[in-house]
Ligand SMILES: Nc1ncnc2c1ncn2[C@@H]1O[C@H](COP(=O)(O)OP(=O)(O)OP(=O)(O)O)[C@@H](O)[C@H]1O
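The chain below stands alone and is given in structure tokens; this is the form predicted on its own.
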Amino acid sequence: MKCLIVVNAYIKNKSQIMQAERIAEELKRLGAECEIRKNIALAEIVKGNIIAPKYECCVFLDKDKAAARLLEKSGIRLFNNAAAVEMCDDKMLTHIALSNGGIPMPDCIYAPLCYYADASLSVEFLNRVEKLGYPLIAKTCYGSLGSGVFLINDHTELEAFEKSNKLAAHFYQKFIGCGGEDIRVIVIGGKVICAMRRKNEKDFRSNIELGGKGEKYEADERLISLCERVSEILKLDYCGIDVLTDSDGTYNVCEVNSNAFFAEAEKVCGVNIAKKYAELIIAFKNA
């Protein structure tokens, strides 16, 4: 079996490199040929036809939706599929996909698209956002490792954020929990593999890359059922689901990461996540 692992063309994060290397290591142990390549014109359209490298499958660790679509249309099986990667990359699209499906999520208000830098802020819109209550969370639709996520404490901060971000796709969410804490759940092949609680004493964001620390979390049946349902709706082979817990103990899905880093989860949970992902990919070949 020949497997391609694609990383971003301008990769510089050590966690991203390690992720690719760990998956490649486990695939090779299972007998697969495996190559890690940067996404630098891997596929192109020549005379109306897609020209792409010849592999049976691809672990797509980038978020470049055009590259994913090109590789997939060339006949390569992607883990995760292009539509799922695109859905998870745009955080608002994730919430839309999960809505009306019985998935508890923080209340969310999408900011209308603005094309003009000199456009005046809508007082009506700001009033609607404030109904979420302070503090509230502002998010750009694209961002990872905690980037593009902001804590808004009052009207002055809300107005300033909206003014500086009105030309970018963004939205607002109700603040849930105590801040700096969530549960990261790893799902592979539609099954919960492990979960860890992430805590950050110095930031309202729990991300490990921002100083958060992980500890093993024993997922109960409610959490397992919720996360497996999310994976099913989004048609994900692999994902990390970030879950917040509100004051009455209800789990709320905050974000879904199609390329979630797993180093901390492997360490604190004692689970070989890379191996389980590799086994899923090998099973595709043998099916």
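Just so you know, these numbers come straight off a predicted model, no measurement behind them. Start at 1 and count along the sequence shown; that's the residue number.
There is also a form predicted together with this ligand; it is not shown, and the following applies to it.
Given the stretches 160-168, 187-195, 134-142, 74-82, which is the single one in contact with this ligand in the predicted complex, using a heavy atom cutoff of 4.5 Å? It is the stretch 134-142.
Please determine whether F204 contacts this ligand in the predicted complex, using a 4.5 Å cut-off between heavy atoms. Close contact exists here: in the predicted complex, F204 approaches this ligand to within 4.5 Å, heavy atoms only.
Using the partner position in the predicted complex, report whether E26 sits within 4.5 Å of this ligand, counting heavy atoms only. Taking the distances in the predicted complex, the answer for E26 is no, it never comes within 4.5 Å of this ligand.
Test of understanding: in the predicted complex, would V59 fall inside 4.5 Å of this ligand by heavy atoms? It does not: once this ligand is placed as it appears in the predicted complex, V59 has no heavy atom within 4.5 Å of it.
I'd like to know if D242 sits close to this ligand in the predicted complex, meaning any non-hydrogen atom pair within 4.5 angstroms. D242: yes, in contact with this ligand in the predicted complex.
Are all three of T94, E228 and D237 close to this ligand in the predicted complex, meaning a heavy atom of each within 4.5 Å? Verified in the predicted complex; spot residues all out of contact, no.
Using a 4.5 Å cut on heavy atoms, which of A68, C254, L42, C34 is close to this ligand in the predicted complex? Selected option: C254.
Heavy atom within 4.5 Å of this ligand in the predicted complex - qualifying residues of 157-176: The stretch touches the partner through Q173, K174, F175, I176.
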